[in-house]
Every structure is written in structure tokens, then in C-alpha cells.
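This document opens with one chain alone, in C-alpha cells, the form predicted on its own.
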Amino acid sequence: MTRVFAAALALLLAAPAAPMAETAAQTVATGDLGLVIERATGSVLLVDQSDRAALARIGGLGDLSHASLVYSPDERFAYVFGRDGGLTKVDIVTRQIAARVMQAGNSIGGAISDDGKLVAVSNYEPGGVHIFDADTLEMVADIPTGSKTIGLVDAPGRRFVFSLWDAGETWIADLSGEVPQITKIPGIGKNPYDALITANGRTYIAGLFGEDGLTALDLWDDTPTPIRVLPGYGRGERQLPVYKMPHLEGWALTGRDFVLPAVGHHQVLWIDAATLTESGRTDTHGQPVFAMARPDGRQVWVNFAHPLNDTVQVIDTVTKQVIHQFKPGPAVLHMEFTPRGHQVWISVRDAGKVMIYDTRSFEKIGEIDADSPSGIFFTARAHRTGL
């Protein structure tokens, strides 16, 4: 009897082993993954940081000539904003499109709410912002502006902040209730072209294309009012033709300073984060497009507009001096640091490569074939405000 009981107990304990093993085999960890935009083919390339390898290509995403994306809080879904107005929800676990809508004629990026429930898209045509349920991609709000909208970011409290190119205004859309509450802030400046928000969600800074300088808003203020930053920078100097607009979402906050690309000048600008006054300038190889901080803040990596877009410079944030310069290849479009900053991945469009460098030795440690790569987005972005 004892033997029979022991045998039955052994079978009972062993029974769950097969399903558990099967479940474990199907588990996919997403924390080490990322997506690379392949702009020429309307596809994204799923990559693994640790293996420095491509895992899969997902196509059918439309016009990705100026595309960006955000991640759901669980890092499973990417929401890809296409230039043609397409919003695509990509499942990086099953490696396929989960949903897709054509929501406008010309789009310029988007954001996801802090609770991960809403996805907002910024539109050039017909203008305004469309807001969607993150699960179903059903539209839940339409915010017309009568203007091209730019600089759309998420802010704490289920809010979105964006600026109006034509009107020179910034709007705050509060979606915490059943009906969107809109706060309109005029006097931002002429033709805001891009914007950033600090990681704590307090400071929103819009870059101005129609005039020198930038404009900041303190979102902790009950009634935010425009604060002019670097008014008249570059005045009296010869401004160069702008071949590619700088991207402020690639901004850097390093210790006490913001580091921002100058418009129409071969410089990056240093701004004291507490006083919003100029604290320095660094001359650069060309017109900067992205000025991006390594996660520890010790370095800023800068790439440049055509025709000098084969080069990357590294600036030391203590001395504000260029400490390294190299040429990854033709048409460097974007850079992305691994979450702790030991590597940087660089898209080199015309070489058809994503190149990977050690950020301390500057040694090239790998490369991945990609079809006209541009934006690189690791899943760690899911946990950061404004990205």
C-alpha cells in the first residue's frame, strides 16, 4: 500500500512538469529588445542588444520616411507613427502587426499616456491631435487646432503637451476625465518646430525656427507662462542654410545643463537647467541634428545634417570640449544608447548598417545589416517620460 501511495504521489508531482516546461519555452523576455525603423521598405527590424543581432523583420507599416514609436508599459507593444498618417501597433512577442489605422494624411510623431491607456498622434494634415485607445486603436478624442502640431509629449497626470507651428502656441490636453480639458498658452514664439520635456515632467521646452531662441514652460505652475530662453542667440552672426531640422527629443540633460542643437549654426548650446540661461557653446563639425547624452551624463554624442552627415562627435560634458570624432559611414541618422550606456547603436542609412560602438573605448564591436535604417528604439523607453 505504501508503494502504491508513493507511486501515485510521484505521478501527481510529476504531472505539472510538462506544461510548465512548455510555458517556459514559450516565454519571451522583451527588456533586451528594440526596433529599428527601415524607412525605405516600410518595415521595422527587431533586434537583441545582448546578442547584437537581428531577430525578425516586420513589414507592412507604410511610409516610414519620418517615423518614430513608443512602447506600452509592459514592453510588448510598439506604436509606430508613420509619415503617411498610419498608426501601427506591433506585437514584438509574436513579431507581427496587432492593429493598424490610417488616421490622417501626414503625421509627425506621437506619445503614450503615463498609464499606457492612450496613444496620441500629432498631425500636419489635417492638423490637430488624434487620441486612441491603446488596446483597440479606436479613436477616443479629436483635438482640432487649425495648425500643424509638433513637439507632442506625454506629461504626468494623463496629459499630452504639444505646440502649434502656425499659431505659435502650446496646448496642454488633460485626458484624466471623461472630456478632454484643453489649456492654450499663447506667445510661445514664431514657428515652434520641436520640443522636449524633462524626465520629471516639469519643464517643456520648444525650439523656434522662425526666430532665435527657445521657449520654456513650467508645467508645475498652475498657470504656465512662456519663459524665453537664449533670446537672440546667433544675432549678428551669419546663419547657415538649414538642411535638416534638429531634433530636440534627442536633447541631453547632463548634470546641471541642457545640451541642445543650434538651428542654422555649427554649435551645440549649453543651458543651465536651474536658471535657463546660457552656460556655454561648443563648436561642432556641422549643423547638429541630435545631441544625445550617454545615460550617466558624462558624454554627449552628436550627429550632423547633410552634407556632413558621415561624422559623429563626442563631447565631454565636464570640459564641454570635443574629445573624439569618427566617421561611421554615409548618412548617420540616429543614435541610441543601451540603458546603462555601455554601448551606442548608430544607424548608417546609406551603408545599410546599424553599427555598434563601445562608449568608453570608442571601438566598433558589431554591426547589423538593415534596409535604409533610421530611428533606433530600445524597449527601455517604455519607462521614461517624453520618450
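These numbers come from a predicted model, not from an experiment. From 1 onward, residues are counted along the sequence shown.
The same protein also has a form predicted in complex with a further copy of the same chain, omitted here; what follows describes it.
When contacts are judged by a 4.5 Å heavy atom cut-off, residue 339 counts as touching a further copy of the same chain in the predicted complex. Contact check for residue 200: a non-hydrogen atom falls within 4.5 Å of a further copy of the same chain in the predicted complex. When contacts are judged by a 4.5 Å heavy atom cut-off, residue 31 counts as touching a further copy of the same chain in the predicted complex.
Taking non-hydrogen atoms only, residue 112 approaches a further copy of the same chain to within 4.5 angstroms in the predicted complex. Note on contacts: among 323, 56, 53, 318, the single residue with a heavy atom within 4.5 Å of a further copy of the same chain in the predicted complex is 318. The listed set 95, 228, 281, 298 contains one residue whose heavy atoms approach a further copy of the same chain in the predicted complex to within 4.5 Å, identified as 298. Picking from 128-136, 75-83, 181-189, 260-268 the stretch near a further copy of the same chain in the predicted complex, with a 4.5 Å limit on heavy atoms, gives 75-83.
Along 266-282, a single residue, 274, places a heavy atom within 4.5 Å of a further copy of the same chain in the predicted complex.
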